[in-house]
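Only one chain comes next, encoded as structure tokens, the form predicted on its own.
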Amino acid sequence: MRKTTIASPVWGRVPVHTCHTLVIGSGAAGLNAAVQLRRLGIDDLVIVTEGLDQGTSINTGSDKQTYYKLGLCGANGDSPRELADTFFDGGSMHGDLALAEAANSARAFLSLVDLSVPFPRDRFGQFVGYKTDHDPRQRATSVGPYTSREMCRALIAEVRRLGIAVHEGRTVVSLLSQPAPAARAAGALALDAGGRAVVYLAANTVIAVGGPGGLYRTSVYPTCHTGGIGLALEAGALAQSLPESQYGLASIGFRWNVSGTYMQVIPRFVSTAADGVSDPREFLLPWFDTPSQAFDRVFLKGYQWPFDTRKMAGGSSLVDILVYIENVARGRRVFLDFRANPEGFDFARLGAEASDYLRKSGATDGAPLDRLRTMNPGAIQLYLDHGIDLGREMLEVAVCSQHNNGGLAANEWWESLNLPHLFPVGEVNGSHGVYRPGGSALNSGQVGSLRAAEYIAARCRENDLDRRAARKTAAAALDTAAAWLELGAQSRRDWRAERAELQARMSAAGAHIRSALTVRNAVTEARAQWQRLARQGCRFAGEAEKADAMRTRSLAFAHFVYLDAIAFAIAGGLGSRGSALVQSAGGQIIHPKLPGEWTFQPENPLFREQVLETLPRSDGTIDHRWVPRRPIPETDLWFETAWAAYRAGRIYDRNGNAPKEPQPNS
């Protein structure tokens, strides 16, 4: 890595680090990209991160955090094509991406095994599995509630062993890109902990900044993680499937998904007045014909944790709607109580699925906490570790944003479709469609980072960056950032108020409950907020808050783009699908006892064969179009010809998937 400086009238002498490949982010995907790059002989690289302990991968998990992979156990057959079919069947996913994620699944998984991530196996070496949501086989595995954390710890150890440079305490505030006709990514502008500028020039940029955690007020993303997709959207990178997100029940004091065993032990659902104490009520029972119907739905939430529009009428996702009504429509707070059985609980009257599972688990007696202690004592300890004793207090929950299935659009080597040399990996890559098996995101992040590293090593090994042009781009970015921060000194609103505004708007209009009118109004408000920020900046206190202010501007642009994509999809007749319920007067009834506004527009299944692309432009206009999803490729599997193509390096040839320019709102 070469170090020089740029003279700036505002920033002074700004350090410039020039390298072959820049990795932005240090979650499981970013770390793996760096490790694989070094293994493939790319030595001139650096990881830039706010902190090795700051991302979603190392700070979150679930009851039994799942890694979904190719089946590697037992007598049931599996193959890359069968796994690709499972991914593809979820709808609105490109087939070449499905095949790439499937074909490289075992390779990426076993790389983690070689780094000593303790995935369970039997005495013969079979990696045992279980079924997860949207999974036709037992492909899932886990090392416990902190699977992704263990992955990160193993990868961090390997990064250190390999001597890969890591620059911590740096917040990237702008991606550097050179304009057409030779448009390409060229690195990034970052601020250090003291608000000082640092420039990174790179021939290749791997962006591994996770999901849009900072967009929502009601969120299970760790509070330290805000995401950085707005950086790429501001740079004009093409996105896809932005409206497709997952939402589910989670605790909100300590942010954690209450999936799996937390639901299977059938806790009490209690709502209270806004003070969290007075007027406690068990609110589920009035909505069901018998108590056992309610308890069976709660049990099924363990398997079917994400909110799913296919499971509303008579299914487990009715529970999410009832929690939302208590929280939002009635202004009450909702808690899980594990200390006593729900009113009317009778084990003998549970449905066969719930009673058989609990009986086989030896958890038929006592209160929910007793069942939890029998089935998963670590689930109790996890909250104790964060100061919450489930034996003494109730656990506050809400339906929270959890994962974005959409993100930046990239090809089968995880290179941006319209911004060469930018490689989005991990959750910021929008490879997933509508439905995906639980835990497949971890597989996708490892596969995508492996594929990006392999392509960079094979086809981008030469550092072909025009350094002079890149320095001019960096100098212009420094001037722009300085001018915008200067505006903030006179602004009446600080970055906290601006961020709270956009987060409240996203949770109200762009989360799992949507309506055409609400989203249209939210788009208008979001555009106005972003334009106001662009003109006036936002106030910040001291040098250390400069990064927070600039990150808020990026989040404001991202939330505007997301809401505009959601509005476009609703207006086009997409309907309710995945984790998004589109309310519609005169639509289908969810439950006869629900108020009149709780009718919904059904999904138009024809859109399963299309993918929504979104292109933000520098003037603030946003273009959307539906494109046919690419089918799963039929490849040449004759060994001699495949071997010849591999030896000649033809496997890295571009396949013509780069899109034409989207037409305005086509």
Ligand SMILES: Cc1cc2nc3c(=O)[nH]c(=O)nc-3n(C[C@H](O)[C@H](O)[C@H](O)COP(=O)(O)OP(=O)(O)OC[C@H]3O[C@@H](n4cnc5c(N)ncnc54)[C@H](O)[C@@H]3O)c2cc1C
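Keep in mind that this is a model prediction, so the values were computed, not measured. A residue's number is simply how far along the shown sequence it sits, counting from 1.
Unshown form predicted in complex with this ligand; subsequent notes refer to it.
In the predicted bound form, His403 approaches this ligand with a heavy atom inside 4.5 Å.
A residue is said to contact a partner when one of its heavy atoms sits within 4.5 Å of a partner heavy atom; Tyr221 meets this definition for this ligand in the predicted bound form. In the predicted bound form, this ligand sits within 4.5 Å of a heavy atom belonging to Thr60. Contact annotation for Leu37: none of its heavy atoms lies within 4.5 Å of this ligand in the predicted bound form. Interface residue among Arg371, Arg553, Lys546, His225, judged by heavy atoms within 4.5 Å of this ligand in the predicted bound form: His225. In summary, among the residues Leu442, Ala232, Val399, Ile566, the only one with a non-hydrogen atom within 4.5 Å of this ligand in the predicted bound form is Leu442. Contact with this ligand, judged by heavy atoms within 4.5 Å in the predicted bound form, is confined among 204-212, 74-82, 558-566, 574-582 to 204-212.
Along 33-58, residues Val48, Thr49, Glu50, Gly51, Gln54, Gly55, Thr56, Ser57 each place a heavy atom within 4.5 Å of this ligand in the predicted bound form.
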